[in-house]
Structure formats: structure tokens, C-alpha cells
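In C-alpha cells, the next block holds one chain alone, the form predicted on its own.
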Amino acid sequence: MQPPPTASAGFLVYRHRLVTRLWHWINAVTVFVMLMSGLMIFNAHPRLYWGQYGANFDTPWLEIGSTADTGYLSIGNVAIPTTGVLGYWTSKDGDIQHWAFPGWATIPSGYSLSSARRWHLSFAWILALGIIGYWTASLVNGHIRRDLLPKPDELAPRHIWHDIKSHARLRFPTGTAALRYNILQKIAYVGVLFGLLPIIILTGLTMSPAMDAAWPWLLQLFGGRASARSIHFIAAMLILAFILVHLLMVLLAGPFNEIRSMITGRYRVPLDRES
């Protein structure tokens, strides 16, 4: 993604390689399917615990539940009313449902733990193989070293704070600066690619009894299967937050130009503000 010497404001340049574009769209579909099927799996037991084990009579640190006429989200000793959204909601048929997450947010939309597991595990292979392929290709072509790893001067608190203020004011980079990832993008992308996605994969493996027998070190690494499930859920919610912020930034920066660059690779360099 390094800007070519002839790149200038207003011109179309080649921004994203084919491997980046393919991985982006395959991963986008894969992550959404896994998030939605994962929410259905969570519906089967909408409680999270720390430690080796977790069951109905243990005390969860997070629970999405309902009473006869209300829904709630409980985190520790704090209970947040969620009636109509989580735990207690009305289906499109007008029936009151008590699942943690509503049908429009899950795969499948009707309750089925077995179907959700099949969707989840099938796309887990695509996620794992895709991230390994992307890492390999990005190491070979230098994308990680050249475009993603922050430079020492970019990690200076003053530089990071400057970028935070610029984004808060919706003052996005223009000219050739728009062709490079800013420090906030680099931190987010590196955190997802080398932090959240590997954690998602490893904690998913930890919840498998077969993998626990083959790789018992996974249970030691994450402190037990119940803890692995909690970490898996937290990492998934952080990825969801990243996606929402990413989509918001695309809308604010100019959706046509941004989406075109991820489909064709071609990106029109934004004009300088003075222009």
C-alpha cells in the first residue's frame, strides 16, 4: 500500500493487492456467520464463568436472562434492564421469546444448537486457514513489515494523540497521506490480526474435549474451559466493536471510494484541504 512516486491528489492509484482484497471479503462473510452462529450457541447457556468449570448452579460473571416480564444483562452485581432487546423480546410472529439474543441476530434465526454448531465449526476452518494464508502472503510480499507495523516515531504519545484529535474532528488524511495507514489503523489492524483472531481460534480449540486431550496445554494457557469460553466471547465482542467502528469510518471517509478500492484495488487520492 506504499504510494507510488507519481501518486497525487485526485488521481486513481492501485491501493490494495489482490490477496488483501480476497481475504477481506471472504473474512467479512466468515466473521459475520461465526458471530451470528456463536450468538445462537450462547443462547443455549447464556452465562459466562471463570475457571475450569461452569454450570447452572455456579455463579456467572455475566448472564443474559429474563424474569416473567423483563429482560436483563447481569455483569457481576450490576443488573441492566434489556427488555425488548436481550433476554425478553417479541418475535416477528408476535410471540414473547426468552432467548438471550433475538432471532434476527443469530444463525439460524430459530433456536437450534446443533445447526448453529455446524455453521460455526464449518466457517471456523475458513477463518483459520484464511488467516494463516494471509499471514504467509503478507510476510512474503512485505505487507506486514512495510504497511502494518508502527514506526517508532508513530508510537510517540504526542503523535497518537494528534491522530485521535484529528479523527474526533473528522479530519481524515488527504493527498498521499491517505494512501498510508495512520497509527490508529495500524494499532487496530495489528491488534485484530495478531491478537484477537488468534485468541478466537485458540480459545475455540480449548472448548473442544478432543483438542483438550491432544493439546492439554491449552487448558493451562487459558485457565480452564470456562475461562476459555469467557475469553472467546470477549474477543468476539471486541471484533464486533472493531467492525462497527470500521464501517463507520468507511461511511465518514467516503463509502464509494473506500469500497471501490477494496473491490478493484483502485483508489482515488483525496484532494488536499487547501484544494
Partner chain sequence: MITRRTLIAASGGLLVAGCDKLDSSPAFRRTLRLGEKLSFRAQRLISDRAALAPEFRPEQRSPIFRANGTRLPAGEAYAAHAANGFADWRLVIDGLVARPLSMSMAAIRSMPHRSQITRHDCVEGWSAIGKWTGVPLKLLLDHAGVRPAARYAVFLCADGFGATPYYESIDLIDALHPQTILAWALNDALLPIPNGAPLRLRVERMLGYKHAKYLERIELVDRLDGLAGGRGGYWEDKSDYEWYAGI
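Numbering follows the first chain given and starts at 1. From a predicted model like this one, the values you see are computed outputs, not experimental measurements.
One more form of this protein should be noted, the form predicted in complex with its partner chain, which is absent from this view; the next part is about it.
*Asks:* Looking at Leu149, Leu121, Leu170, Ala177, which is the one with a non-hydrogen atom within 4.5 Å of its partner chain in the predicted bound form?
*Replies:* That would be Leu121.
*Asks:* Given that its partner chain is left out here, which of Phe242, Phe233, Trp61, Phe32 has a heavy atom within 4.5 Å of it in the predicted bound form?
*Replies:* So the residue touching its partner chain in the predicted bound form, by this definition, is Phe32.
*Asks:* Name the stretch: of 156-164, 77-85, 187-195, 121-129, exactly one has residues whose heavy atoms fall within 4.5 Å of its partner chain in the predicted bound form.
*Replies:* Correct option: 121-129.
*Asks:* With a 4.5 Å heavy atom cut-off, would you call Thr70 a contact of its partner chain in the predicted bound form?
*Replies:* Thr70 lies outside the contact set for its partner chain.
*Asks:* Although its partner chain is absent from this view, report whether Arg117 comes within 4.5 Å of it in the predicted bound form, heavy atoms only.
*Replies:* Contact with its partner chain, yes.
*Asks:* Any of the heavy atoms of Leu113 lying within 4.5 Å of its partner chain in the predicted bound form?
*Replies:* Contact with its partner chain, yes.
*Asks:* Examine Ser109 and determine whether its closest non-hydrogen atom to its partner chain in the predicted bound form is within 4.5 angstroms.
*Replies:* Answer yes; at least one heavy atom of Ser109 falls within 4.5 Å of its partner chain in the predicted bound form.
*Asks:* Quick one: in the predicted bound form, does every one of Leu18, Arg21 and Asn27 get a heavy atom within 4.5 Å of its partner chain?
*Replies:* None of them does, since no heavy atom lies within 4.5 Å of the partner.
*Asks:* Would you give me the residues of 16-45 that have any heavy atom within 4.5 Å of its partner chain in the predicted bound form, in order from first to last?
*Replies:* The stretch touches the partner through Phe32, Met36, Ile41, Ala44, His45.
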